[in-house]
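Quick setup: one chain, the form predicted alone, written in structure tokens, and binding and motion questions come after.
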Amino acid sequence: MKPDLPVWRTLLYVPVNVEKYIDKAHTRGADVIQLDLEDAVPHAEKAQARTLVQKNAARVRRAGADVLVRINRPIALAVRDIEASICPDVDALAITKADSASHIRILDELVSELEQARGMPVGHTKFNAMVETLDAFFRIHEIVKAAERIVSCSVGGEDLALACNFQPSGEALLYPKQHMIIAAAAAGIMPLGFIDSVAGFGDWDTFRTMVRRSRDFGFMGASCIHPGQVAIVNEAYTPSDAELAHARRLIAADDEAKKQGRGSFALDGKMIDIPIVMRAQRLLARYDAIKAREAKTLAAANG
């Protein structure tokens, strides 16, 4: 993984131009508030919505959340969105319908110029690359490596399903999402999303099971379309006490085995070797990063 990736377990969508959602966004407990300029904003209101980005970014981050802005396509809209969004209170942009490596590089150049002109560190604004078209899907390995500021990627399941004429079910989308997870791992970035559709979210027990399964497939976080999803996703993407205890036992047993000159050993009736130990080390490192994130959030909330 790239060094210093942010912890983005939950990314809560909030229309940038709907005051009642903006006002409460910081109370929802999400790691990231996604200010939406795309689907949630009618075309006739997009120009006005852009004028709200910087003001509302400062408001929704006051409890410690990062702020991401989902921008539009085509390119003319994207450029205007980016010009309105680059500021210290916006941590990232969601690049919708990411088309190719060259598409990403053009936007990366624009963002770098704006950061420099506005006295910001170049690279401050991260990218989430959203792959939502068929041609882009087959270029995903190039897209996710196109700029250093890319820290995450996702697949637009509904858009791909529509283009392929299949239903957006977990079974139908399993291959595209696994392919994306592998591409993200190769690039050292975070794969975001769920292994199944979240179009229906009223059954919270079923949702919780699906989120946990998504984590088992390798997802590291996900967008939330309803505030009720946030606590469930945060919990599911945080290692449990039992997982932490088992990981610590594995590492302790590995240390003892090394003292005896052995590279593998048995624990609880299972043979343990290097990949299993490395997985345990990653889990503990992930937990430490989550705790650091939560401490930062608590400090921000307490002023």
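All values reported here derive from a predicted model rather than from experimental measurement. A residue's number is simply how far along the shown sequence it sits, counting from 1.
Omitted here: the form predicted in complex with a small molecule. The next part is about that form.
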Contacting member of 213, 105, 141, 226, with respect to the small molecule in the model of the complex [4.5 Å, heavy atom]: 226
Does the small molecule get within 4.5 angstroms of any non-hydrogen atom of residue 24 in the model of the complex? yes
Would residue 20 show up as a contact with the small molecule in the model of the complex if we use heavy atoms at 4.5 Å? yes
I'd like to check something about residue 40: if you look in the model of the complex, is any of its heavy atoms closer than or equal to 4.5 Å to a heavy atom of the small molecule? yes
Would you check, heavy atoms only and a 4.5 Å threshold, whether residue 36 touches the small molecule in the model of the complex? yes
Stretch in contact, per heavy atom within 4.5 angstroms of the small molecule in the model of the complex, of 24-32, 50-58, 245-253, 259-267: 24-32
